[in-house]
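Given as structure tokens, the chain that follows is alone and in the form predicted alone.
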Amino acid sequence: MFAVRAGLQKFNIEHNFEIESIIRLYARWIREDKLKVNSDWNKDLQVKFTVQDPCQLVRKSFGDPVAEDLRYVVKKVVGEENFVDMHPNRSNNYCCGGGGGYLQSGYTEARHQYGKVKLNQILATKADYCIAPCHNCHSQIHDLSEHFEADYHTVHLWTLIALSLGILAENEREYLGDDLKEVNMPGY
């Protein structure tokens, strides 16, 4: 998304389409009652969630409006009372250390050391889960939790949306902890 937008701007390429984030669409669909998510599954469990603001999505592309939509969606899915924000956040959030090809660079030890800033930020929230809407962020944050034996799980935003809708299949629950493995199982 960022590369396409930057390329169009840099080379002044005319185009007749708009680039949009799926997170903005989720928020719109929830507001329009087209995506009927529900946080009731977490009322009694009170599992706590925090969210990673991806650099490419927030700082480099859509700014704080997409970060606000991200929080809106998360709160609708897990319950506002179960959301714990990182500090700093939104456009000022720390990079996870896995983007821009660094995840595949082979400098694993350096990536882990850089990622400790994000790790400590997540741990400070005391959240059970870190929602990572970006695949690179998800992989890095998950790897940090395993490498440093941290006590949190990493989950994609769509996984929680599907869980809240009651459509998350058994084989799609790989990154969920035991506390959520059986929650809202579909009855098909």
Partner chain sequence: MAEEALKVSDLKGEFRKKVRELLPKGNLDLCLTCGTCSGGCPATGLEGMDPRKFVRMVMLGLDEEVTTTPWVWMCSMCQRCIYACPMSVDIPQMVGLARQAWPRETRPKGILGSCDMALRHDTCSAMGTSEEDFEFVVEDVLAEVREEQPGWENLEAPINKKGAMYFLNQNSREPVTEPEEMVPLWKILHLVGADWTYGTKGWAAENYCMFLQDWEAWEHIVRVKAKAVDDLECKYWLNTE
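Owing to the predicted nature of the structure, the values given are computational and were not obtained by experimental measurement. Numbering follows the first chain given and starts at 1. Between two forms, the rigid core is the largest collection of C-alphas that superpose within 1.5 Å.
Here the subject shifts to the form predicted in complex with the partner chain, a form of this protein not shown in this document.
You can rule out all but one of 42 to 50, 24 to 32, 122 to 130, 144 to 152: in the predicted bound form, only 24 to 32 has residues with a heavy atom within 4.5 Å of the partner chain.
Residue contact check for Asn38: none of its heavy atoms lie within 4.5 Å of the partner chain in the predicted bound form.
Of the heavy atoms in Asn93, some are within 4.5 Å of the partner chain in the predicted bound form. The closest heavy atom approach of Gly99 to the partner chain in the predicted bound form falls within 4.5 Å. In the predicted bound form, Ala6 approaches the partner chain with a heavy atom inside 4.5 Å. Residues are counted as partner-facing when one of their heavy atoms sits within 4.5 Å of the partner chain in the predicted bound form; in 96 to 129 these are Gly99, Gly100, Gly101, Tyr102, Gln104, Ser105, Tyr107, Ala110, Gln113, Tyr114, Val117, in sequence order. Superposed on the core, the two forms differ at Asn12: its CA moves 2 Å or more between this form and the one not shown.
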